[in-house]
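Okay, so here's just one chain, in structure tokens, the form predicted alone.
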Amino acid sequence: MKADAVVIGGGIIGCAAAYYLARSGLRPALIERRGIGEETSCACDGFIMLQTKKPGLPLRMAMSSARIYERLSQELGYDIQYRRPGGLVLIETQEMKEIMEGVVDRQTKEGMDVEFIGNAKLKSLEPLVSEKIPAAVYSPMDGDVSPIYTTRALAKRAAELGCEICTGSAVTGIRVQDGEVRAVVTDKETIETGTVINCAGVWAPEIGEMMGIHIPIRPRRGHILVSEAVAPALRHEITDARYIAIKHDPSILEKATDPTFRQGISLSMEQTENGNFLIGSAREFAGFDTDCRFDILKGISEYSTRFFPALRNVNMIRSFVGMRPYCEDGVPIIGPVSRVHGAFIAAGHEGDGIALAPITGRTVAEMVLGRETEFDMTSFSFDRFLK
């Protein structure tokens, strides 16, 4: 078998890359060892929350990606359940307020529509929020989407445009000769190609080793609770300032005195169209252990009721864990590998994979085709780790 390019990884990033490659006229192949979207992309929330993105290139890419999402259902011919209800970052302490003041100042300079609000306005937006929460940051730009619907819609449309989707197929090797990609070897066949895009998420380092490169990505475990279905009660995408503080500066956990803070527990919350609350989250480095920890789930449950006391009357029906691909400097790797001609990486998005998927897929396709990209991607290049 021959392919113009081989995408490794059938999560939302890999499916986006395959879609944009196929839309550009290439005939790619997508290799996934399990099924489409069955790993990280089905074990996360659907936030397209711009407020959680680092000011600079991550935020600018997220805003561009959000614009793509507005028309993506129509473009793919599949309802991915995109909506834009707006988002709230709840602030519990003065320390968190000071952190958010710096974040909001930089986000405003990037062109975000974002503002501080007090408890009175917060209660008018979200009546169930606690009276004890003094402030929040609000943006009408935040939205959400169904991660699994989006992932499968991208794969389906890519296939319709000529992409070969190879599920249940594990990559066992990548042939590199004279510094150039020659083929991708799976447990079923060898695919001749001059281009490979590593979109394997937390398994990206394993694929990198096949080409003799070390990729500094490791899994960060995240827990999510799922409630019983209840009547519509939550109007916005919800997170808290601690979520942003931990994400932007993981070292803050070492200084924390609150036990839940030291566990990396923060608030992320949305209500699905079916009425279920998805409540998280926690960030821990636990290798590839996907077991749910009761103490973490208990911590998330107790922490969330500090913001929404009414949750004490809602039953939780299940929980799950997802592996977030964390890159050692906190931003993803997107671009070519200078050491191996024809090799590209699109991985390490951690909790930003859903929000950044469309712009990442489009950018990688443009790089493969040698076209100009919307953004200067130098700071996300793999070569930053070679210096």
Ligand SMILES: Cc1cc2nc3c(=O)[nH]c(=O)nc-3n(C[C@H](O)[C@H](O)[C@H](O)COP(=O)(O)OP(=O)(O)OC[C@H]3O[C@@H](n4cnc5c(N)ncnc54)[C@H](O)[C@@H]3O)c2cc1C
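The first residue of the shown sequence is 1; numbering continues from there. Note that this is a predicted model, so its numbers are computed, not measured.
Heads up, the form predicted together with the ligand isn't pictured, but that's what we're talking about next.
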Exercise for the section: Mind telling me which stretch in 302 to 310, 102 to 110, 76 to 84, 163 to 171 gets its heavy atoms within 4.5 Å of the ligand in the predicted bound form? Expected result: 163 to 171
Exercise for the section: Spell out, yes or no, whether the shortest heavy atom distance between residue 65 and the ligand in the predicted bound form is within 4.5 Å. Expected result: no
Exercise for the section: Please run the contact check for residue 342 against the ligand in the predicted bound form: heavy atoms, 4.5 angstroms, yes or no? Expected result: no
Exercise for the section: Check whether residue 12 has any heavy atom within 4.5 Å of a heavy atom of the ligand in the predicted bound form, and answer yes or no. Expected result: yes
Practice task
Verify the contact flag for residue 51: yes if a non-hydrogen atom of it lies within 4.5 Å of a non-hydrogen atom of the ligand in the predicted bound form, no if not.
Solution key: no
Completion exercise
None of 361, 28, 332, 351 but one has a heavy atom within 4.5 Å of the ligand in the predicted bound form; the exception is 351
Fill in the blank from the handout: Answer key: of 337, 59, 43, 327, within 4.5 Å of the ligand in the predicted bound form (heavy atoms) is 43
Exercise for the section: Between 222 to 240 and the ligand in the predicted bound form, list the residues on our side with a heavy atom within 4.5 Å. Expected result: 222, 224
